[in-house]
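One chain comes next, on its own, written out as C-alpha cells in the form predicted on its own.
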C-alpha cells in the first residue's frame, strides 16, 4: 500500500518554495509515495484544504517566486482544538508524513503538533531572515540578497548624482543578517543591526571629514529592528553631517523575485534530505545545512536554542 505524504508552506513566503514544491512532487512519486499539497499553511491543514497532486501541478513553477500553494500565519493553530482538527484531516486522507517549509514560529507550532498527535514530520528552514538556530542557510536567502543587491546598486546611481545620503532599510526585526551581508558586499559606508549597539555621534567627525575630502554620497544599510527608524537616521545625516538624505525601505520586494540558481539547488537538496529522512523513520527533525553539509537536528534543539549571527561577519563591520 502506498504511503501518503503532504507538504505545506507556513509564515512568510520566500523564493525557493516553488522549486521545493516541484522537487517534492517528483521525488515523492519516485519513491512510490502519494504526494499532497496543503494550501495556505496551517490554515489549510485546519480547513482540510488538502489535495492530491501530480507532475502537472508543478510544471513550469521552478522559476517563479512565492509559493503556488499559498502560505499563512495561523493564529488558530495555536489552539489545541484546531490542532486536533488538523490531525483528523490528515488521518482521513491517510497522510502519515508531513514536510513543512517555514521559520522559527512555524517550527514551534509543528513541535507542539508532534507532541500531541505524533504526526511524522521534517521541517525545512525557509526564511529570508536566516535566523534559524542550527543551520547556516535558510531557503530563500540567496534570492533575497540578490534582490537587495540590485536595489542598492540602483540607488547608488542616484545617490552619487545628487550628493545625498541614502538610508536603505532591509527586513530583519531581530536578526541583522540581510543588512550585514548586504553591507559587506555592497561597499556601503555604514551598517546598523540589532545585534550591535551603536551611537551615531561616534560617526560625526569621521563623516564630516570625508565630505571635506571629497565624498559626495553615503549609502547606509539598516535592519528594521534597530532602535531608530530609517527616517531618524536620515534626519541625523541632514542635521549633524550636513548632507541631503533620502530613505528607501525595501520591504516585501525582498521576498519576491525569480529564484536564484543556488536557491533552486538548495530547494532540491533540502526536499531530498527531508523525504529520505522520513522514509528512514527520522520523524521529528529539521534539515539543517552547514559547511560540513546537510544534517538532521531534533526540533526541540532548534526552536529552544537562540540564534546567533556569525561573529566573524559582525567583526567585519568595524574592520
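For clarity, every value in this text was computed on a predicted model and none was experimentally measured. Positions refer to the first chain, counted from 1.
From this point on, the text means the form predicted together with a small molecule, which you will not see here.
The stretch in contact with the small molecule in the predicted complex, judged by heavy atoms within 4.5 Å, is 73-81, chosen from 242-250, 194-202, 151-159, 73-81. 106 is the sole member of 182, 106, 222, 143 with a non-hydrogen atom within 4.5 Å of the small molecule in the predicted complex. Contact check for residue 264: no non-hydrogen atom falls within 4.5 Å of the small molecule in the predicted complex. Although the partner is absent here, residue 102 sits close enough that one of its heavy atoms falls within 4.5 Å of the small molecule in the predicted complex.
The small molecule in the predicted complex comes within 4.5 Å of a heavy atom belonging to residue 42. Heavy atoms of residue 10 reach within 4.5 Å of the small molecule in the predicted complex, making it an interface residue.
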